[in-house]
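A lone chain, given as structure tokens: the form predicted on its own.
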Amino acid sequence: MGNLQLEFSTSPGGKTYLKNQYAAYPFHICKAQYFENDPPGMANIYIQSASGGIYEDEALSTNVIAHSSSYSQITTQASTIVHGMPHGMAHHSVDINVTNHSYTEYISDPLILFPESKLCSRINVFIDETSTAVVADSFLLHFLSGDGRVFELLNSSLQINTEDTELLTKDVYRVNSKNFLDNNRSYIGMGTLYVINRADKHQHLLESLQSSMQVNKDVYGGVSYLPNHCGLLVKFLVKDGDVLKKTIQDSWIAIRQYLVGVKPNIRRK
């Protein structure tokens, strides 16, 4: 079972650093990086994979802890291929704990679902009323040339809880080739972003993101409030991978600029 654990804290000077870390195959991380136009002292961690994707019967888990007024972003170096699984399926779980006036972003690149791939994905966020989490979750279908096979199943959920594990919101979707693809394969990808903050309704951000969705002819989606006053939900369908990545990137930039007050630099990958 592959396991990644990251714990962020803050130095006396206000710089966020990795207080504890553990990475077992196939996970690998480099040292924290610090970029211009980020919040002061924000630590950026790139997750890498040594295996080339997610394979049949794998069980992968990631645990992120952010506290002590820390600022952090966790992202992947590239998209993750979910390989074909003729018999079994794979599991991937992510736990994100954000407390004590902290801000964290978990912005993973899209999953690439190969023919016959089957994946169960679970994200659990635990957050108090002083903190903020921004989470991106997306996937794109891959079709082999001259091969009629497609992906089998993606069973995905994101659950938002208080710091005391009280359930606030749960977003669940289960997609397969029959309920996701039409005959023309019009939409082959989906993106979701969650802005999780229990202290503010973020009305202006909601209206701004809604306007962006309405004028973007390349996507079909919308923006709404999450239940129990815990943030915003952005969800959209796309026709190709370039639009998927650009829409996630543009939405993330708008969210960061609204929440922090500074437009961030685009991450190089």
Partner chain sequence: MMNDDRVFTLLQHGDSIFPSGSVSFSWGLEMLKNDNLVTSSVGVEDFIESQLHDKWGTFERVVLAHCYEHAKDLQAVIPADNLVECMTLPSELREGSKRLGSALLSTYVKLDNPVAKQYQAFIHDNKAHGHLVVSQGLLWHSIGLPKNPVLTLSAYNFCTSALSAALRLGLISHIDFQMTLTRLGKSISKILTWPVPEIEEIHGFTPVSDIASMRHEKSETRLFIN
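Being a predicted model, the structure only gives us computed values, none of them experimental. Numbering follows the first chain given and starts at 1.
FYI, the form predicted together with its partner chain isn't displayed, but the following is about it.
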Counting only heavy atoms and a 4.5 Å cut-off, does its partner chain in the predicted bound form sit next to every one of Y173, Y187 and G222?
yes
In contact with its partner chain in the predicted bound form (heavy atoms, 4.5 Å), from 121 to 129, 96 to 104, 177 to 185, 81 to 89, is stretch 177 to 185
Given that the partner is absent here, does L167 sit within 4.5 Å of its partner chain in the predicted bound form, heavy atoms only?
yes
Is L60 close enough to touch its partner chain in the predicted bound form, meaning at least one heavy atom pair within 4.5 Å?
no
Check I65 for me: does it contact its partner chain in the predicted bound form (non-hydrogen atoms, 4.5 angstroms)?
no
Decide whether A32 counts as a contact residue for its partner chain in the predicted bound form under a heavy atom distance cut-off of 4.5 Å.
no
Heavy atom within 4.5 Å of its partner chain in the predicted bound form: which of I47, L233, L205, L244?
L233
Just give me the residues of 210 to 230, first to last, that have a heavy atom within 4.5 Å of its partner chain in the predicted bound form.
Q210, S211, M213, Q214, Y220, G221, G222, V223, S224, Y225, L226, P227, N228
